[in-house]
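As C-alpha cells, one chain now follows by itself in the form predicted on its own.
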C-alpha cells in the first residue's frame, strides 16, 4: 500500500461525530445609531460615508473628490450620472483594466463591519466592482430615510438577501488593503484604492 493510500485510509477511519448547526436565533449586536456606526467603521477601514439629497447632491459631492474630477476614464451604473465609458457597449471586460473611477449601485449597508451588499443585477461586467482605481457605491434610501438602508449586523444582512434569479453578489467594505508582507499596510493592493459610500435620500 502506498503512503498516499495509507493516509487516505487513516482519514477514512477517523469518524468525526456529527454536530448540530448553531441557532441563528440569538441576541446579535445592536447599535444606538447604526448609520453613525457604519460611518465610523468605514472610516476606520479607509473609506468615507456621505449622505446626499438626490442625484444633484451626489454630483456635487463627487465634484469634491480629486480622484473623480481628475479621472480620465470613468464608469457610471447609477441613473442620472454619466461616465466616459458606456459599460453596456463594452464587449470584452479586459477593456476595463484602466478605468480610473466607477460609480456603482449598492443595495444596503451593514453597520457591524461597514460592508455594502452589491450585485451585478444592473452591471453588465461584474469585474467593474473590483478593477477600478477608485469606487463610489450609491445606496438609494427607501422612503428617503438613511436608516432604512443600514442593518445592524451580518445576521440581519443575510435575512435581507433575496435570490430571485441566478446572479452574482458580494459584500464590499472599504478600499482594498493587505498587511501580509512585514505587517506593512498597503492600500489598493488587490482592488480599489479608495471607497466612498453615498446614501441618496
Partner chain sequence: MSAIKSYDHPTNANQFNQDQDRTHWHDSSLWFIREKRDRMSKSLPEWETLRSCASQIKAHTVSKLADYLEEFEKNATARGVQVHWAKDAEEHNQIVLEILRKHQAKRIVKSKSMLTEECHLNPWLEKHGIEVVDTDLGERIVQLRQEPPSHIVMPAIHLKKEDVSNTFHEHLQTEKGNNDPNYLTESARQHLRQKFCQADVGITGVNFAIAETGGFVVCTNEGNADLGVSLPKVHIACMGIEKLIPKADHLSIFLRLLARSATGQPITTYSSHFHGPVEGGELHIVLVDNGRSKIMNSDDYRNSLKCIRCGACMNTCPVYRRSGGHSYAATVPGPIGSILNPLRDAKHHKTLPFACTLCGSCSDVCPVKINLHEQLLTLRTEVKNQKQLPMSKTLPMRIASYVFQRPKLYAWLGGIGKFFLRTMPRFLIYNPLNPWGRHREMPEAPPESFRQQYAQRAKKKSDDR
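These numbers come from a predicted model, not from an experiment. Residue numbers count along the first chain shown, from 1. Whichever C-alpha set is largest while still superposing within 1.5 Å between the two forms counts as the rigid core.
Unshown form predicted together with the partner chain; subsequent notes refer to it.
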| query | finding |
| --- | --- |
| Residue 172 within 4.5 Å of the partner chain in the model of the complex, heavy atoms | yes |
| Non-hydrogen atom contact residue 72 with the partner chain in the model of the complex at 4.5 angstroms | no |
| In the model of the complex, residue 34 touching the partner chain (heavy atom, 4.5 Å) | no |
| Close approach of residue 154 to the partner chain in the model of the complex, 4.5 Å, heavy atom | yes |
| Heavy atom contacts to the partner chain in the model of the complex at 4.5 Å, residues of 148-166 in sequence order | 153, 154, 155, 158, 163, 164, 165, 166 |
| CA of residue 11, rigid core aligned, shift of 2 Å or more between this form and the one not shown | yes |
